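So this one's two forms of a single chain, laid out as structure tokens and tagged structure 1 and structure 2.
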Structure 1
Amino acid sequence: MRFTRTILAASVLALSAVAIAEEMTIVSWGGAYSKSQLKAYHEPWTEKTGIRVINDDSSAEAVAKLRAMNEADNVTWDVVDVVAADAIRLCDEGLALEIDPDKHLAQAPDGTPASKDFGDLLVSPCFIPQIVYSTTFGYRTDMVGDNPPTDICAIFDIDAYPGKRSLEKRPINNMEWALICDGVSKDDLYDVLATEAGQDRALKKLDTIKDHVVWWNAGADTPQLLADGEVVMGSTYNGRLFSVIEEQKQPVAMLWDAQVFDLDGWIIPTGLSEERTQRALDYIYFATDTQRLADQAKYISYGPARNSSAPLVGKHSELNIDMAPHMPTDPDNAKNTILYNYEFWADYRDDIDAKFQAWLAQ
């Protein structure tokens, strides 16, 4: 009997090893963004390797969950899509693998090393940038009358634009917009936000609309709220708004003013077996080459992070419209932007998060 149990246990372990070899868990944000990754990366990767990709839409909680997994010595994720500030934190805490771009990432087609092709977007030794995106606002064109908003401070103008707004349930971006609309210049923004007085000033400005806000956690929330007419305007990622405007043909328009530029990309968690680490590195090499990054722009309006990918951006795969004018980096869209401060939020995120959540609970 003991011999039989031993054989059975060995068989279960062998089957588990086979399952691990045949599938990998990739964590992202869901919605239109995950769909763009599915089409540009996951499906071609599975076709090439036979390895099945399991999608997990937990990127918003990536830092907390990876901390918990590491503490439990049970990391179940293989590749994780995170914003740059979260990648910096995970790298600093030893929870993300350091990458040598010229060893682990593909060259550009002309032989340019990956380190030069990605350039300044390599903001952390653990972070492989994928896209340039922005957080901005969409608004219902049928709810703003003959006076569509052109300025970010329309968010705080309840008289001109009555109705609910949707804002992300975290301080990032909300604090910046609040200070700008309270008279702080962009050049002084993070110097002010680094102080207790500046944080209180931002929260006091947000107090003026707090009763009119629907707070969101997932990027898909605002597009749905806009489509349902439950909010007059709301923040989300520009690619999500592209989907609701161009694909769903909802009465929604984009407000590009004071859009916040940011980077999104991959990290590989530490604590994986050698086999899983190598498989994750193979996936990263495949998914971040010049053509793959350009391919993602066929499905969503985010700019590819490689210089060599930009000239390859063409038309939408289904709508057959030129995608370049829908990118946040398009000159007409980028007349007034905020550059996200990765180092600031990596340093101040936990403290300001706690203060923001306490303010929400008041």
Structure 2
Amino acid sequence: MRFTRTILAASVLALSAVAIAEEMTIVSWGGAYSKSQLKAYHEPWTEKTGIRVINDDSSAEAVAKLRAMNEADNVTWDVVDVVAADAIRLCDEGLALEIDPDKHLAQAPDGTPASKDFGDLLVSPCFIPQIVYSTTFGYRTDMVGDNPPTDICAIFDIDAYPGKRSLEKRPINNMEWALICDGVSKDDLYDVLATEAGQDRALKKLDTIKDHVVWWNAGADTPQLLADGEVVMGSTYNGRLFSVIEEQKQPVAMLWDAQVFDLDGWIIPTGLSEERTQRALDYIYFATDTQRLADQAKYISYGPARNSSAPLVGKHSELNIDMAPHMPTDPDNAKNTILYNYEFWADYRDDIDAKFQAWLAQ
């Protein structure tokens, strides 16, 4: 049935190809991030090919929706922007297409193949990285007196920095920070966290500030809480903090210590017709070349995923300030960083999340 069905679907698609060849649906997060992609990728792409891009702001539901679309055999998305952890999950579930970087992605201007140019960031065979972002802390400059925090462990120091903190309502990142501030070295981090005792230890550390935490779910929460003065410091994505500090001019500053690097990028869903797959691949080839990735940094403060893009990062399109020092990958900011451990969390997420939620509910 599947065989005959694919034939049928293909022929129908071929028939209707004339009608839909001119548009593709690209899924992203919405807000300022989608806007930066619109400017840096979609608009030049439409100009070049004439293919209209429909933006669907569903990335937050992408994993569930893609799975449902796949089961219903009705994949309506062409390219999807997801975080790396979701990409791995989608790849595991067979919902994302595996891609050969050297075959399907552009070389760097100097001829370096894509697989080298992206390097370690190709964390899954289905995933084409686009930006490096980090989850890090911002703090109210007017609430910390003349003792601004420089160390991640300030979040656990209630005496020196009284007031609430906002943390994401999930174990990922919080457990790492807790262990680091409990004296675990960065190298042993995941070995410790893999054990029952290590998990308890992290939760015990988090217990010391549990009454002082506001837990957030959406990336926009911490900026709002900081602007309200509701929290003295809070974790969020660095681009959000950039916007709070530079665009909204709030009395907030960045604490780059122990920022957790994470990746966001593209996947192509499986189950597309050949024609659509090819178009999606063409788009990916176009949108992830060196210049395009560097262009995105003009609109939002996330670091391009290619090595070769870093030197091309210019000034912000409106504020006209140099963007390089605001990149999480800037050497001054990246003195102490943690790289999100995809393999570990793919295994442990369900287990630790259950424990974390049980701990929260206590």
Partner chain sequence: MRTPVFFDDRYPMIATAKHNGILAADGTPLKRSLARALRREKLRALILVMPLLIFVLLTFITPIANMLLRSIDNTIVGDTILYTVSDLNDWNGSDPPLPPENVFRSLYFDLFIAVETKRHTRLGSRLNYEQTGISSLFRRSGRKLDDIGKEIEKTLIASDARWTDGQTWFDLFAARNEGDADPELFDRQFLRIQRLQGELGNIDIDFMPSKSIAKALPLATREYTAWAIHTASIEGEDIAQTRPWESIPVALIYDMQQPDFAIEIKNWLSQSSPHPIEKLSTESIDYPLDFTDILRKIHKDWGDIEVWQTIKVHSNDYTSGYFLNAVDMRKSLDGPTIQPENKRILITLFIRTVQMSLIITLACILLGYPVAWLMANLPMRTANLLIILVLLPFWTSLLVRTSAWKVMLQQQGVINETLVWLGVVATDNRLEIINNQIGTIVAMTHILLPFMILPMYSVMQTISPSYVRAAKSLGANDWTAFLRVYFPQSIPGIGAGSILVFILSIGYYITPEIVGGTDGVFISNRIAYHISRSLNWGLAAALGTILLMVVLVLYWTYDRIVGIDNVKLG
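Remember, it's a predicted structure, so these values are computed and weren't measured experimentally. Residue positions are counted from 1 along structure 1's sequence.
Structure 1, not structure 2, represents the form predicted alone.
Checked against the rigid-part motion between structures 1 and 2, the candidate from 174, 283, 105, 316 that sits at the hinge is 316.
Hinge angle between structures 1 and 2, smaller rigid part versus larger, from C-alpha superposition: 17 degrees.
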